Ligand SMILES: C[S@@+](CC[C@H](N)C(=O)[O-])C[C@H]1O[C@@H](n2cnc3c(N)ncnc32)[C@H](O)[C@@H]1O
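What follows is one chain in C-alpha cells, specifically the form predicted on its own.
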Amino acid sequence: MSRDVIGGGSTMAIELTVGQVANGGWCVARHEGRVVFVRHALPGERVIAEVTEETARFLRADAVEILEASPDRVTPPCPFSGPGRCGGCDWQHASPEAQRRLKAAVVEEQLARLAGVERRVTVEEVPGSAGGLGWRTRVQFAVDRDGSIGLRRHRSHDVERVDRCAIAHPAVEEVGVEALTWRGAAGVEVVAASGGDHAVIVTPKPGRRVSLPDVDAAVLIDEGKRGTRALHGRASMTERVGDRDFRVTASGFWQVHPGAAATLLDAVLDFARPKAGEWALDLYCGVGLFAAGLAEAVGPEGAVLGVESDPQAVQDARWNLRDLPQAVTERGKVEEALDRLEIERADLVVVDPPRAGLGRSVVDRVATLDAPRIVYVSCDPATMSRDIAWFAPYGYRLADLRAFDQYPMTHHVECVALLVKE
C-alpha cells in the first residue's frame, strides 16, 4: 500500500508498506507501479518516505517517519545516523541479530536469482565488534572546505561533520583526527594495525598544500598515481594473525575488522583442505595471508603460487612469505600471469577478487585448471553469485558456503564459497 501525502516542488513524501530487503542497504516497496528503494526502513514497516531520486523505472527514498515499527527496530547508537546524515552505515536502526538475518536474506536472494542455487544461509558474527561497534580499523574521513573532518552523506559529496565514528576501532579514535583542522586536504584516512602501528594518510586537494597538524602516528601523503610518500614514521605496518606477522603497506589492503583475517583464513583452509605435496594457487593474493596458510599446509614438498596485480602488495607478500620457499608470488593480472607462466592445472585454487568479482574471462581461465576444489572469497554476493553461475557449465557446483558479518551496521557481508568439480 502506498499513497502520496505531500506533493509539489522538488520533494515528495509517500506512505509505504515496506517489503523485502534488497542488496545495498535498501528495502523494497512499490508506489504507483514503480519500485521504491527505501533506506532507514525495515521489512514489514509502514513509513512516510521522502523521495530522494526518481528515474523512469524506480524511486529512491528515505524513511523519515515510522508509522508502524518492526520489532527489530532499535535506536541508532550513532548520533550522526539517519536520513540525510552520514552515509557510512546502513542498518544502525536494526538490532545486530536482525542485521545478520537481513544480510543472510540478501545472500540467499542473490544466489537464487543469479546462480539458480537455493540455499539457506546463516551470517556468522565475527569476534571483535561488541554490539556491532568499534571494529573498523581503517576509516576514510572527508574534509570540508573549512578543514573540518567528517563523513560523506549517502550518495552525496556533502560532508557530515563528526566528532567521533561509532564503528571506528578505539585505536583509530585514539589518533584524534576529528578534533584537528586539515586545511588543504580532500581526505584523511586513519589506519590502526593489530601490531600497534598507527598511520594517517592525507590526500591533498588538487593544487593545494596541506597544513598538517601534529598527530601521534606515521603521516603519509597520497600522491595519486605515484603512490604514497611517508613524511614521518614508517610507510608499513604490522598485522598479526595467529603466530605470524604480516607486513602491510599503510595505504594497502588488509581486512578492516580486527577478527576478519583469522576468521577468513580458518574458513578458507577448512574448505580448501590442503594436503602435503599439493599444488595450490592463491589468486588476488594481496600480501599473502591465504598463501602463507596454504604453504604451511602443503609443506616443502608442495608448492603455492600467489598472483597479485598491485606492485606494493607483491613486495609485501614476498617479504611475508620469505620463510616459506615453497610459496612464490608473481605480479600481474590473473589470466595474463597464468598464461605467461603456462599454468595448466592445480590441485586447489583460492580466489579473493575485488568487489567486481572474477568476471567471465577469469572464470573461463580458472576453470581450465581442472582443480577439484575452488575456494571463492567474496565481499559482494551479487558478483560472487554471477561467477558461480559461470562456473556451472564447467562442472562446478556450490558445495558449501559460509557468510560473515565483517562489517556490522553496514550492508556489506563477506562470503566464503566452496566449489567442487563433479
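Note that this is a predicted model, so its numbers are computed, not measured. Numbers follow the displayed sequence, beginning with 1.
Below: the form predicted in complex with the ligand, not depicted.
- For residue 270, no non-hydrogen atom is located within 4.5 Å of the ligand in the predicted bound form, even though that partner is not displayed.
- When the ligand is considered in the predicted bound form, residue 284 lines it closely, a heavy atom lying within 4.5 Å.
- Contact annotation: residue 290 falls within 4.5 Å of the ligand in the predicted bound form, judged by heavy atom distances.
- Interface residue remark: residue 43 is not counted as part of the site for the ligand in the predicted bound form, having no heavy atom within 4.5 Å.
- For the ligand in the predicted bound form, the listed stretch (307-315, 119-127, 292-300, 180-188) containing residues with heavy atoms inside 4.5 Å is 307-315.
- The partner is absent here; in the predicted bound form, the one residue of 275, 333, 155, 205 having a heavy atom within 4.5 Å of the ligand is 333.
- Taking 255, 81, 251, 95 one by one, only a single residue has any non-hydrogen atom within 4.5 Å of the ligand in the predicted bound form, and it is 255.
- Contacts between stretch 345-367 and the ligand, counted in the predicted bound form as any heavy atom lying within 4.5 Å, involve 352, 353, 354, listed in sequence order.
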